[in-house]
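Below you'll find only one chain, the form predicted alone, shown as structure tokens.
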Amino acid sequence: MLWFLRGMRTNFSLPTFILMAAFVGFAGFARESGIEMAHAVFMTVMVWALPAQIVLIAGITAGATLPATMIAVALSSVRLMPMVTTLVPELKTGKTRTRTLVFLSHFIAVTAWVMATERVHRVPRQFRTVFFIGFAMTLSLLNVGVVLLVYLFAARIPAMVLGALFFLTPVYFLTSLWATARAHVVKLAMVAGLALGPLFHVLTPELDLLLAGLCGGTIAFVLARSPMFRPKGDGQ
């Protein structure tokens, strides 16, 4: 119980407040898009990753078919797979059940991954699962509360304020990923993706994010294996 409470207390931090502010913008966007409050809450609980929720609402408002929307949401969430594969092994012990790890993986989005990665090594391994449950479930419930409150009081919040709060999400994600990147290739991929984003937005606006990420990551991977990027002292 102590480590569960410590996990809950972790949410008293700037990243949590930034994410909550972003969910204010999301709730305003969902409300203006004609999404009912119950559906917005359901998205927050079941989808959780904020960009995927935006993609889902965009698909609904654009009248896209269910399979097309499902594929778009799935593709937007593929980026979380490396985060799951790096964090889950840090959480489990020899006695941790697979279904518990599957349940915990649902809560691994960018903010949860960044905060957990920074703190989980300070927690004794046998308590890491409990710590993460306390942290991640509280983070999710806090943002469910934000969505509910915005739906009740959104009429009193200026649209420009909602838009500005929503814009905090990509800014925070970008700076957090840059700060926690342990390998130069990750930063190289981010720079390449950012540079290619405007180009693909002009050429193929429907696939700009997907192509910028795919090509930026590929460029970074190739360059990282070239001799000019190898650390001195490497083998032949």
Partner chain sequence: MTFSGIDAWWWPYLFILIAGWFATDFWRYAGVLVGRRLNEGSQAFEFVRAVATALVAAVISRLILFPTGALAETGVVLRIVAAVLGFAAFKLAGQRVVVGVGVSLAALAAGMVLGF
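Residue numbers count along the first chain shown, from 1. Whichever C-alpha set is largest while still superposing within 1.5 Å between the two forms counts as the rigid core. None of these values were measured; they are calculated from a predicted model.
Keep in mind that the form predicted together with its partner chain is not shown, yet the notes after this line are about it.
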| item | value |
| --- | --- |
| Complete contact of 66, 79 and 177 with its partner chain in the predicted bound form (any heavy atom, 4.5 Å) | yes |
| Residue contact check: residue 221 to its partner chain in the predicted bound form, 4.5 Å heavy atom | yes |
| Partner contact for residue 212 in the predicted bound form: its partner chain, 4.5 angstroms, heavy atom | yes |
| Touches its partner chain in the predicted bound form: residue 201 (any heavy atom, 4.5 Å) | yes |
| Exercise: residue 125 in contact with its partner chain in the predicted bound form, heavy atom 4.5 Å | yes |
| Residues of 82 to 109 having any heavy atom within 4.5 Å of its partner chain in the predicted bound form, listed in sequence order | 82, 83, 84, 85, 86, 88, 89, 90, 92, 98, 101, 102, 105, 106, 108, 109 |
| Rigid core superposition, residue 13 Cα moves 2 angstroms or more between the shown form and the other one | no |
| Large Cα move at residue 149 between the shown form and the other one, threshold 2 Å, rigid core | no |
| Cα displacement of residue 26 between the shown form and the other one reaching 2 Å, rigid core superposed | no |
| Cα distance between residue 214 and residue 63, which in the predicted bound form differs by 3 Å or more from this form, closer or farther | farther |
| Sense of the change in Cα distance from residue 63 to residue 208 in the predicted bound form - at least 3 Å versus the shown form | farther |
